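Okay, so here's just one chain, in structure tokens, the form predicted alone.
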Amino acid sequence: MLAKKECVAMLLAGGQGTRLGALTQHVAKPAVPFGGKYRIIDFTLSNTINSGIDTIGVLTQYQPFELNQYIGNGQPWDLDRLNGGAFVLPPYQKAKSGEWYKGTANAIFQNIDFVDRYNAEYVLILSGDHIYTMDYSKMLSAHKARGADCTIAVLTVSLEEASRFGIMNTDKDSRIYEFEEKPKIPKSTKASMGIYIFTWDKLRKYLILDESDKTSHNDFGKNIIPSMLKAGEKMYAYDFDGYWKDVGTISSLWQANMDMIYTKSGLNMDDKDWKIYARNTAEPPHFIGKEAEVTNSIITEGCNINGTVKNSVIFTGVSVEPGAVISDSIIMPNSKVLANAVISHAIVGWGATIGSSSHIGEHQNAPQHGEWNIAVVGPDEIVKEKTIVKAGEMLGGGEKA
């Protein structure tokens, strides 16, 4: 057993992210680039170390190579430690058997020994595909003060949105008495954020019981939480009132990136006391040519801009040739936008080339039924000159946007 840790974090980062189509054909969703210089997983890793939790297991499964390589020894997040730090935990072969993670609960079950090694009193369960900043230490303090067995972070959503989430029904003291998964007629608007703190001894027992149930989905939302509620365990909601977005769809990923350039969105990246750390690419400063026009946009290091960029997020190492016009779009690392190409309300994957005089996407004034109709060009795609990609179309395989 290593030196004791009061709380160990377990980050579920094995998601396939099928709704992101071509963007996740070869990388796990948490490894998808975000916001000019980050990966999606940077937010959860940064939140963890900023909260004073320095031991984190990162559970990978789908297309793990890129994510494993990116995390490395955890140095960018101050997680390269002799006692604790970041550990990548893929499924592995045991003496008698080996299997993929069957569900969120099974993933933690397979790593019981990891948590036990640190003699942890509490375990923090996190997802690697959300964009937000949150101090988990405050949630842990609330958990301890209540003597809770489980604390679930909740976000108040509109009544119209509530049917898309797992909803926590609570009494006046925030104790959870009922959990409803995507209810047609919600009784409350407290939506689960997929962030849990458990008293480890209690959760450990339920994980073992759940694993022995051959009918279980081995899932926190479907099995562990309902089982604990049924048994009368002390479960509480923890209210969160900051920015939070699940970037599991093309529309939500695009919107979250756009939120970085609109100050009233609530996504604050300028907090000096709560930095979001990332692996540095060590590129030179960006260059804006004398004929270029840049308005209300993020231009990251290593870029060479000679065209027009408006209301967009331009990632590291992107080149934009003269006459090209980019608006309301996301151009991911090391992509090339050739002369006179027009890109609007689109996502261009890393390493892609947009041919001269091509038209990618179409301008939109508002989302339809809550979703933006975003055009997508997949990673490393070469778009021939004068190609037209309509709103909502996707080049590079995967599902429609």
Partner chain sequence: MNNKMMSILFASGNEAKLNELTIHRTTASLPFGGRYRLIDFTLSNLVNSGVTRIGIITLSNYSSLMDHIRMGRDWDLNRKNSGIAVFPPFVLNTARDVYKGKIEAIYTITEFINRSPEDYVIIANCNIAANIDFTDVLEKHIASGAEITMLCHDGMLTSSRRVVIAKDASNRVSDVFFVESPSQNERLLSLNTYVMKKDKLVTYVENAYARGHIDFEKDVLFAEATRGVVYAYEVPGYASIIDDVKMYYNESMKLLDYDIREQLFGEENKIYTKVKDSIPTMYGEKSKVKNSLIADGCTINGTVENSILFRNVRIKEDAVVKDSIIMEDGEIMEGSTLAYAITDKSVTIKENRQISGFSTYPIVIVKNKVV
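Since the structure is predicted, the reported quantities are computational estimates derived from the model, not experimental observations. Numbering follows the first chain given and starts at 1.
Although not depicted, the form predicted together with its partner chain is the subject of the following passage.
Of the listed stretches (83 to 91, 126 to 134, 264 to 272, 236 to 244), which one has a non-hydrogen atom within 4.5 Å of its partner chain in the predicted bound form? That would be 264 to 272.
Taking 4.5 angstroms as the cut-off for heavy atoms, does Thr295 touch its partner chain in the predicted bound form? Taking the distances in the predicted bound form, the answer for Thr295 is yes, it comes within 4.5 Å of its partner chain.
Distance check, Asn280 to its partner chain in the predicted bound form, heavy atom within 4.5 Å: Flag for Asn280 set to yes.
So in the predicted bound form, does any heavy atom of Pro333 sit within 4.5 Å of its partner chain? Result no; Pro333 lies far from its partner chain in the predicted bound form.
Applying a 4.5 Å heavy atom distance criterion, does Thr156 contact its partner chain in the predicted bound form? So Thr156 does not count as contacting its partner chain.
Which of Gln75, Ser227, Thr170, Ser163 has a heavy atom within 4.5 Å of its partner chain in the predicted bound form? Exactly one residue meets the criterion: Gln75.
Looking at Thr189, Asn119, Gln255, Asn304 here, can you tell me which has any non-hydrogen atom within 4.5 angstroms of its partner chain in the predicted bound form? It is Asn304.
Which residues, if any, of 286 to 300 lie within 4.5 Å of its partner chain in the predicted bound form when only heavy atoms count? Heavy-atom contacts to its partner chain in the predicted bound form: His286, Phe287, Ile288, Gly289, Lys290, Glu291, Ala292, Glu293, Val294, Thr295, Asn296, Ser297, Ile298, Ile299, Thr300.
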